[in-house]
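The form predicted alone is given below as one chain in structure tokens.
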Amino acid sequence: MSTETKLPFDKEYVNSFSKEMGEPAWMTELRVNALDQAESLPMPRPDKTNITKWNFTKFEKHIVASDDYASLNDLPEDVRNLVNLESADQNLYIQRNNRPAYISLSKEVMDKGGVFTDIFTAARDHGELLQKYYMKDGVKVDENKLTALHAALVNGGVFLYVPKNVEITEPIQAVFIHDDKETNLFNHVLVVAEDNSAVTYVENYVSTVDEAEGIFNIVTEVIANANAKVVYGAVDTLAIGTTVYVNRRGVAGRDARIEWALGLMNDGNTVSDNLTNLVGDGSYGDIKTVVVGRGKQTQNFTTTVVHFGKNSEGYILKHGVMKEAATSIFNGIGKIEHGASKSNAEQESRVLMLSEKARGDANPILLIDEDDVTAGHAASVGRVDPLQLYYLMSRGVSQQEAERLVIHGFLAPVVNALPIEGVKKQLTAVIERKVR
């Protein structure tokens, strides 16, 4: 049963906004139809987390005014540490709230015919290419109320396209800065790697305000066609008070690889849904996720790999640390469809709780509809290992420092997988700050 929800904007506004942004007719029509569907579609229902009282639909501002950055030196200090301030020949996009604020594209990408631009420019200048992939094979408009609302109100994001037989050797980086408390962000990221191509993409969501009341409805689609490889890194650090729905979806073709390294460090209530569909024979998906929860926040992280192709391999690794009164649910799902013979589904979820009121729940699920496969899972929820603490303390390390070292070691498998050194250091610093 679905419940109608009063939405903050009507068809007239959506139609007007799309035309104001110079979008093609197909995009305007998609937005308007999505708004129609959002009225009656049900909310997503993350397992073991009740989000019925979370605010995903009531807000006043769709766009906030933000200035460009004249140079990288004008960036907030937290952001300057993430980027290369010295290089003009780099692949970097910076978005300030809802506004594209800076973009640099390397000669390598331009010479090879790659596209890396904000979502509005992509709709205007690469409309046919965008339409081919936008909310088609990845996230569908009508999956739930929040995907439909996202499609109707997209107000930021990027499009990355890598042509056939092209390998981009330098990482592509996007930084989404949140520095206005009234920002509500409907960000769409679309990464397409054509046959035999390769690319590394890394993004950061960075709040420079301490608290906010914004809604963040984020959708990512990664399409890796035959024999393509996409490495996707992300570090999310959104402020206390934000309500976050983030839906990251991958589709891997024959012999394609999608590797995710995700640092999910938001301080607000968060629902994260990460699904990788291994469609082609020989396809490969690897998802590494690290989480630190604190305060009174509630979070739900569902990671799913679905095997459709034969000889496909899917790996899930999730490590989380909960402190104070934080609550997190970790759902890991490996599904092997009938016909996906000789596939392998493996997953591991580990949760450390640092205080009496902290709660963590790890739920490994295997759904197997084929006989000739291998699959396995492991899960644990508990306190810091006293034997590890004893070992360190017996060598003169204080208890507090010993706990810090154990936690960093526990989260290292994901941190070390991030492909940009500045982003890796940022995630390490965020973990340090949150567990201290």
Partner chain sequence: MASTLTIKDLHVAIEGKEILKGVNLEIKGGEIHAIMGPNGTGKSTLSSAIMGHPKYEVTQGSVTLDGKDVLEMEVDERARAGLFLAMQYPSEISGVTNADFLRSAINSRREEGEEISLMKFIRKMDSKMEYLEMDLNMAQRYLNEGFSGGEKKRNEILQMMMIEPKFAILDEIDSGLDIDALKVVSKGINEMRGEEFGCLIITHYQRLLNYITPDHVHVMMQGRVVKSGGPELAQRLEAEGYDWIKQELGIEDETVGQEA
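Residue numbers count along the first chain shown, from 1. Quick caveat, the model's predicted, so the values are computed rather than measured.
The protein also exists as the form predicted together with the partner chain; that form is not presented, and the subsequent description refers to it.
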Query - Within 4.5 Å of the partner chain in the model of the complex, all of Y13, N15 and M21 (non-hydrogen atom) - result: no
Report task. Evaluate N50 for contact with the partner chain in the model of the complex, applying a 4.5 angstroms cut-off between non-hydrogen atoms, and reply yes or no. Result -> no
Query raised in the report: in the model of the complex, does R395 have a heavy atom within 4.5 Å of the partner chain?
Result: yes
Query raised in the report: For Q37, is any heavy atom within 4.5 Å of the partner chain in the model of the complex, or not?
Result: no
Query raised in the report: Looking at the partner-bound form in the model of the complex, is I63 within 4.5 Å of the partner chain by any heavy atom?
Result: no
Query - The unique member of V373, L367, V32, L405 whose heavy atoms fall within 4.5 Å of the partner chain in the model of the complex - result: L405
Report task. Mind telling me which stretch in 397-405, 52-60, 24-32, 374-382 gets its heavy atoms within 4.5 Å of the partner chain in the model of the complex? Result -> 397-405
